[in-house]
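Single chain ahead, written as structure tokens, the form predicted on its own.
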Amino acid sequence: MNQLRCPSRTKIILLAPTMIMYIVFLVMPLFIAVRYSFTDFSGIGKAVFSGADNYMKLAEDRLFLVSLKNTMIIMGLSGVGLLVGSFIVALVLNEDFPGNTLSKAMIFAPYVIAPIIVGLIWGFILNPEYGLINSVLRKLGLESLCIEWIGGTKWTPVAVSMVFFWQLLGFHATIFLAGIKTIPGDLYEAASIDGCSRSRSVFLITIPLLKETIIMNVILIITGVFKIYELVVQLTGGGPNHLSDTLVSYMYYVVFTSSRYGYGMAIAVFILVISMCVSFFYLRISRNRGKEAAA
């Protein structure tokens, strides 16, 4: 059968609006950010070229290093929690039981809530003074167990990880569930006939066949952590003294509060480079696995 072919001129016309939007709102701001990262621009006056001074300052900026540490803690805690938790939830939701559809909707619901609203909700739960958790502990006479969940220098990254986990659990579980649905049921039946238990078949069949899905979730979790802003602003405002900031919230403070646009753009470029490296790593793994499968 003859396939319908789209003339080159038609392709250009169809792609032009998307390409224009892509160039104007993504490519151009990217180049502008990189350019300003090599200046001492303060938002007023002329941007003076300062070389790599802004990037050299990153290693000496204590608050930047604290925000980087907080981001890494959130990435480690939420990354492990989301991978394991969403996979287990997907396995449960893959079973047929009463209320399955309602359970899927309830687990996925937090993902569609705006992050600023999520931060507001959890602020009333985690606040060390009037928050729900500490209030319940005080009512039970367990005041010694009360923790400064947010606003302190120790537990805030853990609290942000917990909120991030709650918000993204349903999303990543849905991705895992979609991957599980693609696995032929014949494989599980054959394994059952051979005497393989259901728990063992998860390790021998499900996990190996979900490697691409696992990699995808890892990439989405990592890139998602590097975009955390609203949660930190709503929960702590970066306090005390920006010791609970993440990379993005600290960058916002540097640019829009301190008016150090050049230095803020250097932080933005740093975040961009890490995200690009992660994306490249994912594409490299996917390409290698595609070649192995084709061979």
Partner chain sequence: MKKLASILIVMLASFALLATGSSESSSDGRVTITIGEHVANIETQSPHVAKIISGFLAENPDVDIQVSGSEVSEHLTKMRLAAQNDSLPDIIWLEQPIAKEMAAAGYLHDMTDDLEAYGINDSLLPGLVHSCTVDGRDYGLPSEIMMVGFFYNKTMFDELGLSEPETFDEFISVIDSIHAAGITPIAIGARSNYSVWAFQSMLTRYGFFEKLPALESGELSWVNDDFIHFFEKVATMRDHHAFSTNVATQDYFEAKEVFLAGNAAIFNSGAWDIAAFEASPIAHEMGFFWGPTFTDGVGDQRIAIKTSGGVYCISEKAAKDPSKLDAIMRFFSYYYGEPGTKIIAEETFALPTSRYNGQIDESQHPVLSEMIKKLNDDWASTKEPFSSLSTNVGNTLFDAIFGVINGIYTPEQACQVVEDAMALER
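Everything numeric in this text was worked out from a predicted model, so none of it was measured. Residue numbers count along the first chain shown, from 1.
Not on display, but discussed next: the form predicted together with the partner chain.
Note that among 125-133, 192-200, 95-103, 220-228, the stretch whose heavy atoms approach the partner chain to within 4.5 Å in the predicted bound form is 125-133. Among S249, N70, S37, T236, the residue placing a heavy atom within 4.5 Å of the partner chain in the predicted bound form is T236. Relative to the partner chain in the predicted bound form, residues F25, I44 and Y253 are all within 4.5 Å by at least one heavy atom. The partner chain in the predicted bound form is not approached by G51, whose heavy atoms all lie more than 4.5 angstroms from it. By the criterion of a heavy atom within 4.5 Å, L210 is excluded from the residues contacting the partner chain in the predicted bound form. Within this chain, I150 lines the site of the partner chain in the predicted bound form, having a heavy atom no more than 4.5 Å away. None of the heavy atoms of V269 is located within 4.5 Å of the partner chain in the predicted bound form. Applying a 4.5 Å heavy atom cutoff to the partner chain in the predicted bound form picks out Y252, Y253, F256, T257, S258, S259, R260, Y261 from 247-262, in order along the sequence.
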